[in-house]
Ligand SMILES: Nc1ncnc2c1ncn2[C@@H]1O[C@H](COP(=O)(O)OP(=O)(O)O)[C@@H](O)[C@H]1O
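Only one chain is given next, in structure tokens, and it is the form predicted on its own.
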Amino acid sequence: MIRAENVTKIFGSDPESAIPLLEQNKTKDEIRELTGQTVGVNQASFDIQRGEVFAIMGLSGCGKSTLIRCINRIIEPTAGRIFFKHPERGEQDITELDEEQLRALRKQHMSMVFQHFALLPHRSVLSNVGYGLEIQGRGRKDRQDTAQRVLDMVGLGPWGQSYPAELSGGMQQRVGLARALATEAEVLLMDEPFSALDPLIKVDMQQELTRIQRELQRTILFITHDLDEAMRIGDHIAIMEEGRIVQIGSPEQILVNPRTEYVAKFVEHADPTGVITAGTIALPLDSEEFVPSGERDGIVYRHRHDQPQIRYGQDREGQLREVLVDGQAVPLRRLEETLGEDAVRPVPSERSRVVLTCGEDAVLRHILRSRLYSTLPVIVTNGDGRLRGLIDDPELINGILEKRGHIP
């Protein structure tokens, strides 16, 4: 949906003089000392797929806000190319658009949500939400109906006739989000939209955005300096340092495999429980820790070498068939069913008589909760029901404290 190729922004009177120095891998400080120019963005490249949330994060001054403004050319990039996949015209090079074409792109296809709301104080909430539609030239009733529908979506339906000054900070940010959504733009550019909010309101807005995104499936470029926020919201995360993108990956990939010391420091204190998955921390069945336990009626059994009392039985296709504890078959229950709203927590004596199973995408937080229902290892299966591996206390501790698993 959005593709950036070596996007570079240099601030100063002679930006072109800094380009050769970037190609020589000179630092920002070295370039400023040699040329007097300031590097904002240094050869940033990424690809955002339709319908995903792509989070860009880093410390203040790393270039993330400059980069997002290069995407819609609020700031003109010094070098590089930016492509937008137009629904009718195919891929367009944004850097080649003239002023009229650029205005049309911003009106119809890209909306922006700012950090400090940028609401018009003399207009009502309903009028603020419909402002982008007014710029598009849509009729009054169409604007009002659409604005009211989007206000209902963000939980501000009764506030349409109020003014921004009458709303709390969190409510004003919802108005800013509603204004961007109302234009039905395929791409939302969000520049640290929740950073000015109190912590509890901030989390509430993150959850609200996630809920709306599940319904609308917009393509979102989200700027933040908060790693936990990036992990809650982003399908992919790009981490910037001194104008460069130093790593791109899923939240789990960033946590489990930081590629630089800079990224490692970011993830050191991050909460992994909502990000790291069962497939990552599970002890694989082909690990040396598993040994054969015999065969019966076409079922092959294995056990963990330090837990001979628990035997895991698979058929010849690898499907999980049964689990024996001290020679007796025990019930198998799916994790998501066990953690459901109607689930009844068993008494302690029963927790050693049931085995829970989960898919590879179950997150660590849910697996931790499963210990309230079963003290036996959690069995991880793939989409075909084949036994993938096991999660016991060592794997849980490893996933929480070390933020890594058994995947190379």
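Residue positions are given as counts along the sequence shown, with the first one as 1. Just so it is clear, the model here is predicted, and its values are computed rather than measured.
Below, we refer to the form predicted together with the named molecule, which is not included among the displayed structures.
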4.5 Å heavy atom contact, L34 to the named molecule in the predicted complex: no
Contact flag, K28 vs the named molecule in the predicted complex, heavy atom cut 4.5 Å: yes
is_contact(S349, the named molecule) in the predicted complex, heavy atom dist at most 4.5 Å: no
Contact of C62 with the named molecule in the predicted complex (heavy atom, 4.5 Å): yes
Candidate from T381, T66, Q43, S374 lying within 4.5 Å of the named molecule in the predicted complex - any heavy atom: T66
Residue stretch of 351-359, 34-42, 365-373, 47-55 approaching the named molecule in the predicted complex, non-hydrogen atom distance within 4.5 Å: 34-42
